[in-house]
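Take a look at this single chain, the form predicted alone, given in structure tokens.
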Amino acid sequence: MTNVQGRFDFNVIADWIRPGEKVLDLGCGDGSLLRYLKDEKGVRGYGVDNDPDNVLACIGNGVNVVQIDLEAGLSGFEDGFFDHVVMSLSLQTVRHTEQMLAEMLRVGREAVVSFPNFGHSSHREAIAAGHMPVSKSLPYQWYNTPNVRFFTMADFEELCAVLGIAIRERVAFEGERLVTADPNLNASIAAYRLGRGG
């Protein structure tokens, strides 16, 4: 497995991307994933982020970046232009989840998402104790979190079924350890490779 700056979800995503592909990274942060993919796999990529500091960091990393609000959609991108559209640890910050997934699969052949699994045992324990969970995968307090959606792996898979989205591959992990036994309970992060259903 590849190694991208200690982000295990980045490692999983990088393994799903083939050399020379066209990649769109939504909520790309400082552009670390795209920089790695460009250097190691020769991808042609664009990052999208709305935070001015992240846009400047991308430019500093030599990453092509567009500053737009993801909530406005991806109307500036052509149908099927990208091989992969990636959204790493950002889906939970989007208000219009169904629209975002549809847009990702409109402009890309496949979509790749990773997100914190709200069903993890530590999160369930926090709620049972009367508090909203705070953990490495959900590091914010309830009053300052950028997250607007809290969902589990089971919830996400049900949504994909309703929307007719094909789950082509799923990887769940706790830290850097792969989780195969009851991942909805035991995994703190999940990554999915998605395609159009049918």
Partner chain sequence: MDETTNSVGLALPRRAHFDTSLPLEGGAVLPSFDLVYETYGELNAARSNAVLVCHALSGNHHVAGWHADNPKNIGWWDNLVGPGKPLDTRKFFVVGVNNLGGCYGSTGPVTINPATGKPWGADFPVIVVEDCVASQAHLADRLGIESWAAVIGGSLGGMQALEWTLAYPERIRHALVIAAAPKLTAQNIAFNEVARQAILTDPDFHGGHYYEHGVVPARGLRLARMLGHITYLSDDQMAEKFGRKLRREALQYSYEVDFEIESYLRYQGDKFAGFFDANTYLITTKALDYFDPAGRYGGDLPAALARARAKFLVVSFSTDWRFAPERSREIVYGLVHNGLDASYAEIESSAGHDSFLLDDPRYHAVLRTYFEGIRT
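Residue numbers count along the first chain shown, from 1. As the structure is a computational prediction, the values presented were derived from the model and not from experiment.
There is another form of the same protein, the form predicted in complex with its partner chain; it is not shown, and what comes next is about it.
Of I165, V65, V171, L26, which residue is found within 4.5 angstroms of its partner chain in the predicted bound form when only non-hydrogen atoms are counted? Selected option: V65.
Which residue, I59, L159, M132, V148, has a heavy atom that falls within 4.5 Å of its partner chain in the predicted bound form? It is I59.
Spot the stretch among 118 to 126, 87 to 95, 74 to 82, 100 to 108 with residues whose non-hydrogen atoms come within 4.5 Å of its partner chain in the predicted bound form. The contacting stretch here is 74 to 82.
Evaluate D53 for contact with its partner chain in the predicted bound form, applying a 4.5 angstroms cut-off between non-hydrogen atoms, and reply yes or no. The answer is yes: D53 has a heavy atom within 4.5 Å of its partner chain.
Indicate whether K136 is a 4.5 Å heavy atom neighbour of its partner chain in the predicted bound form. Contact with its partner chain, no.
Its partner chain in the predicted bound form - contacting residues of 115 to 144, heavy atom within 4.5 Å: Contacts from 115 to 144: none.
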